[in-house]
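Here you get one chain, nothing else, as structure tokens; it is the form predicted on its own.
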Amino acid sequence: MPAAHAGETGAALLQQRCVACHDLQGPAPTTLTQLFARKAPDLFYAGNKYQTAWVAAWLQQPKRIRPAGMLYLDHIKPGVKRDMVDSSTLKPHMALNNDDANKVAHALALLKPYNDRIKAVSHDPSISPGPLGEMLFDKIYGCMACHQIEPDFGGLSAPEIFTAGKRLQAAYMLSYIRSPQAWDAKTWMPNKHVSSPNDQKLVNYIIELSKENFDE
């Protein structure tokens, strides 16, 4: 990728570097055809979803969040016991320098069309997940069938969870768990109708999990 000009803004960098794969305008796909055409996560509500400091750091040293890419079916091959990721079909994410990464991260932080959804929930960090948090995630709601809770441990078809506590805003996680389809009508994520306070326990379990630094 060509170097950006020193005066280039984060918004300009998004248009130059990111728009080919990421949707910066919305809305989210409303048909399966649109869903299958999605190349990368939508970013038009990034300011409601991501933690800005994490975005800036990740853009400088990108690490794969979705083990099998955006569309699982495109990047797997048969294994002895289960489907395996075909890494030869996956492309690395571009890395940005510190200045550009911070510009892009702060530009994304301004994209907040869903403030109403964030304000409609109230994350309670005082609710301890305890041993039940992992049981809810792994067993009761079956989240580990799709998500990894540590590298190479868990499902392959969805984003890993062991860095999500650093990556995602707590209020977003709570809102998304309560109603995934409100955020993304055609998401593969099922609505498990998680009751309260189990939804709070799940979010706080994810936050606690991220403190183990599996990504380092």
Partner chain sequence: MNKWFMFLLATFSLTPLLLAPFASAEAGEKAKDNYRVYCIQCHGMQGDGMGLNIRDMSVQPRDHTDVKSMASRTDTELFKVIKEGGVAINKSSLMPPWGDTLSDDEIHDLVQYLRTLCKCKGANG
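Positions refer to the first chain, counted from 1. In this text the structure is predicted, and so the values were computed from the model without any measurement.
Heads up, the form predicted together with its partner chain isn't pictured, but that's what we're talking about next.
- Comment: 78 to 86 is the region of 106 to 114, 121 to 129, 91 to 99, 78 to 86 lying near its partner chain in the predicted complex, near meaning a non-hydrogen atom within 4.5 Å.
- Not displayed here, its partner chain is kept clear of Thr52 by more than 4.5 Å at the level of heavy atoms in the predicted complex.
- The closest non-hydrogen atom of Thr31 lies within 4.5 Å of its partner chain in the predicted complex.
- In the predicted complex, at least one heavy atom of Lys186 sits within 4.5 Å of its partner chain.
- By the criterion of a heavy atom within 4.5 Å, Gln181 is counted among the residues contacting its partner chain in the predicted complex.
- For the candidate set Met70, Ala57, Leu35, Ile65, a heavy atom within 4.5 Å of its partner chain in the predicted complex is found for exactly one residue, namely Leu35.
- Contacts between stretch 140 to 156 and its partner chain, counted in the predicted complex as any heavy atom lying within 4.5 Å, involve Ile140, Tyr141, Gly142, Met144, Ala145, Cys146, Asp152, Phe153, Gly154, Gly155, Leu156, listed in sequence order.
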